[in-house]
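First comes one chain, alone, set out as structure tokens in the form predicted alone.
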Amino acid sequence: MTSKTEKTNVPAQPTAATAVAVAKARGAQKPAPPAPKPLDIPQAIAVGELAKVMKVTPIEVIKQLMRQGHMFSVNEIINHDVAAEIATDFGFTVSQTAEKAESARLTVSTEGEDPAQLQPRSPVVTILGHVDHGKTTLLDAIRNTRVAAGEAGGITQHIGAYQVEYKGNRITFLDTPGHAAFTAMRARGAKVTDIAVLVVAADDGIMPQTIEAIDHAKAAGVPIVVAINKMDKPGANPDKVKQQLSEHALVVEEWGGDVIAVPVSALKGQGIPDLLENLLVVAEVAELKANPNRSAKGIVVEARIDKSRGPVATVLVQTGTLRVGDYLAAGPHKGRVKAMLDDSAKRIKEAGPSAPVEILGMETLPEAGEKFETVADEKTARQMTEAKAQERQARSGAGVTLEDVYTRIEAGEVKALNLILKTDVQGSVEAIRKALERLNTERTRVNVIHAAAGSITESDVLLAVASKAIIVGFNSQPEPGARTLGNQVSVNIRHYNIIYSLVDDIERALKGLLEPVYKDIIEGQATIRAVFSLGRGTTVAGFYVNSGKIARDAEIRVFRGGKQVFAGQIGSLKHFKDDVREVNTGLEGGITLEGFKDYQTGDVLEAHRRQQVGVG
């Protein structure tokens, strides 16, 4: 089946072979209309907006959706694939938007590889969901399946990732803390996961963290397989879960959609084989391949310092084969593989595509999500890591802001403004979302990739980095950790307490009308200790810097008795006899100001600088 609700969610069938056959059959080209009209559809679009761009009535679109098994109202959002299918029925040819193409680029590329060298590889799976819905129990149940199957090793070493063999096929599971780690890797440009398993408790249903996990998985463009857990509980209601999923554009197969939903009880080990079977089906249809006969490339899953062994990194090989003795470059970190262990703590000499291994030999500790590759020698590794460090320094501060949105739209870099919306109450979420939807035009649109009530978290910041989004808080403030992280990664976080102001700012950004907003920052303060006349009308003030710095390009304000008597630019700045760019705390210097000579001992000099803090 082609996707009707979420492109990457591949339908389940009794066997992988059947699924592949059906996928290929449904993917076959339909006879083109006599004169197809091109249409560019974003990753998500309202039904009414789709009708508008196709120049048909919303009723016609809703009827066609119903014929395809979808029940959507005029204001509901449908994804690219559903919209594309409907547009094709109306005689249009559909192209991908910029964000869709970006998603495609995140996948492990086989471009430039010799097709004859490509071989099937194991899928890499991440388990996401609400904190109390049984993610850890499910991972344990899957591990026990492996041990029960009599696999050598018995005791599984925790290395952040492990493999399970089922019916002769291997599946790699990333044992990460959740969607925060999942998105942290994406924030570094790493596409690690092939399939996301969304765990939803059958008795609780969808919770705020579940919605967040859905949004993170959708933003990453990975297939979602739902594990409806805790089916052994008396209050289990899988139909309620399926209904809630459909409200978030995840329609299960038995309801006419293409999302695989598997009932399981992780506690009792029920449904685990069915889940593994369906994961293999999704993987087979995706036709995952890699070239094992080349130098290795992959991702750092996690890293830690071991007291006896030094830096220890868990890596996932994505293509090529990693061997003991290989030199590695991982971002600004390098090393040589001295030893390699699999997830059963067994020493191995090489690891191929989709294999998770623990390596010893890194000189420093890489971060989760760092891409690594093997190189010829230590010199090459050093050159690559130094270049990467310089590149990151140059890129710092390059986050997306409302001010540059219009410029990027005009340059063709983006066709949508990605927003993460956090509000004080749930009612505000829908009100603001609907208000923002009215701003969508044929040229630009607002894409709310995640919206929820609550404070702005580190997870929101990571999602903003990964999706090149702006965070908008309505009566919602960042948590301390999120504020710090936002400053570090240059994520634009904006705050509002009036809906109209929020919507107006976004509209003005899309139209390119926003002007920069600056705030005044005091960089330093000094006291004049002496005044000198150098003749020819030149007067110099000798000063001592009490705090901060006095910089050559700052605006200087002179205060006397607490009142400002002058504000202007520096004419000259000296430390002893040398012209300098700045004089720092605890040092003395000499200064002249353009247009001011009436210095007095005891005057206070304040150095001010205007810093842009946003737009308005």
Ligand code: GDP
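All values reported here derive from a predicted model rather than from experimental measurement. The first residue of the shown sequence is 1; numbering continues from there.
What comes next is about the form predicted in complex with the named molecule, which is not displayed.
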Report yes if all three of Asp114, Lys289 and Thr319 come within 4.5 Å of the named molecule in the predicted bound form by some heavy atom, otherwise no.
no
Stretch in contact in the predicted bound form with the named molecule, which is absent here, among 356-364, 502-510, 116-124, 265-273 (heavy atoms within 4.5 Å):
265-273
Looking in the predicted bound form, any heavy atom of Asp232 within 4.5 Å of the named molecule?
yes
Taking the named molecule as it sits in the predicted bound form, is Gly335 in contact with it (heavy atom to heavy atom, 4.5 Å or less)?
no
4.5 Å heavy atom contact, Gly134 and the named molecule in the predicted bound form
yes
Evaluate His80 for contact with the named molecule in the predicted bound form, applying a 4.5 angstroms cut-off between non-hydrogen atoms, and reply yes or no.
no
The single option of Lys388, His130, Arg445, Lys242 touching the named molecule in the predicted bound form, heavy atom within 4.5 Å
His130
